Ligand code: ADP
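Just one chain follows, in the form predicted alone, and it is written as structure tokens.
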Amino acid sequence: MHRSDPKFQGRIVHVNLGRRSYPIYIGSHILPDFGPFFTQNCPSKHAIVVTDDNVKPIYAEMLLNSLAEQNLESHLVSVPPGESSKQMAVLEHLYDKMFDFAAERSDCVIALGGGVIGDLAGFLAATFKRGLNFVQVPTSLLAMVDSSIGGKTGINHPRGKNMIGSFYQPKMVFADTDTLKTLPPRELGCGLAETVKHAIIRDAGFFATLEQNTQAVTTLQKNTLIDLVERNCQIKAAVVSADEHEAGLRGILNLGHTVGHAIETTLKNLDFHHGEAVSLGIVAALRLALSRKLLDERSAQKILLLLQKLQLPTHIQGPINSADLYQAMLQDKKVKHGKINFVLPTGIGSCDFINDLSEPEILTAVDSLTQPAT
């Protein structure tokens, strides 16, 4: 088990899953040193690096050179950026490339990019020849704090987000916070939505830290970012270690996602990115928690204010079809016996599962998203 590493000068968080345990390396300007840690954690001598057309010209050469310094052979394949690449046609293109590269089961797929690349490359690694080694090198905040950890991989279906996939753990995660300097502000916000989610469900102290350090976070102060990524990783690693396949506890990580995924599926014309949709889903969850008297008004206002300070959306401009959103929620992976299972905050730092919400209650909360949050 990867308990410590004196050669690494950054932070290390451990995901404890028995034989599938792995380290998360976090630091500033660590990407050039990727190669030695790859060889330490992954037995592969050949790597297929999957990235997108935005990340490729900035970071691919640095990663490939680091592998070459360890006498490792590698191939690079790039796909268009954005959620549209999480589809079967792009996955088939990647399978073709794997044949072109004569990829073997002992090889490794390295995901270099944000959450889309991590999900797509992870599913590629999980399914080609029934499974290759896999490593995550996240370059977006959302990927660093959430999607690169825990082994969820997959692609979208036209009728639902992340409906085709598998749990497949990486050999390691290698997060260089310097890569966030090239991240568009909107994408930074998407990661901050997941950060707020983690604080709401597990850590009131972390929530207070976010309130006090909003400017340092949004201006990418080095030590603040490293602290933020590390705490997020600790929270998610603890939950995943306790419930790898989302049989119970891990479901709390879905706060904001039931409504958020429905927004992404049905309101494509409004172009909400994942974190933005999650922010709106958190607002809907607040309304539901307030209506059930599970959450006090002061806590709800503090959460709303933090989302707004981080420039995340808290309402939808224009009309929406709440019935369509409700139907999309019924296709959610967490639906059981026809009941939509919601995660609702019960305070800052705590939450609960609620599965007896009526359709009118849910529709009222969704409809409220068209009103400015106050």
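Note that residue numbering follows the sequence shown and begins at 1. Everything numeric here is computed off the predicted structure, so don't read it as measured data.
In what follows, reference is made to the form predicted together with the ligand, a form of this protein that is not presented.
Among residues of the shown chain, Ile58 is one whose heavy atoms approach the ligand to within 4.5 Å in the model of the complex. Within this chain, Gly251 is remote from the site of the ligand in the model of the complex, having no heavy atom within 4.5 Å. By the criterion of a heavy atom within 4.5 Å, Gly114 is counted among the residues contacting the ligand in the model of the complex.
The closest heavy atom approach of Thr195 to the ligand in the model of the complex falls outside 4.5 Å.
For the options Leu228, Ala143, Val109, Ala277, the residue carrying a heavy atom within 4.5 angstroms of the ligand in the model of the complex is Ala143.
Of the listed positions (Gln301, Asn71, Gln215, Thr182), a single one reaches within 4.5 angstroms of the ligand by any non-hydrogen atom in the model of the complex, namely Thr182. Comment: 116-124 is the region of 263-271, 116-124, 230-238, 201-209 lying near the ligand in the model of the complex, near meaning a non-hydrogen atom within 4.5 Å. Shown without its partner, the chain has Pro81, Gly82 in segment 70-91 as residues with a non-hydrogen atom within 4.5 angstroms of the ligand in the model of the complex.
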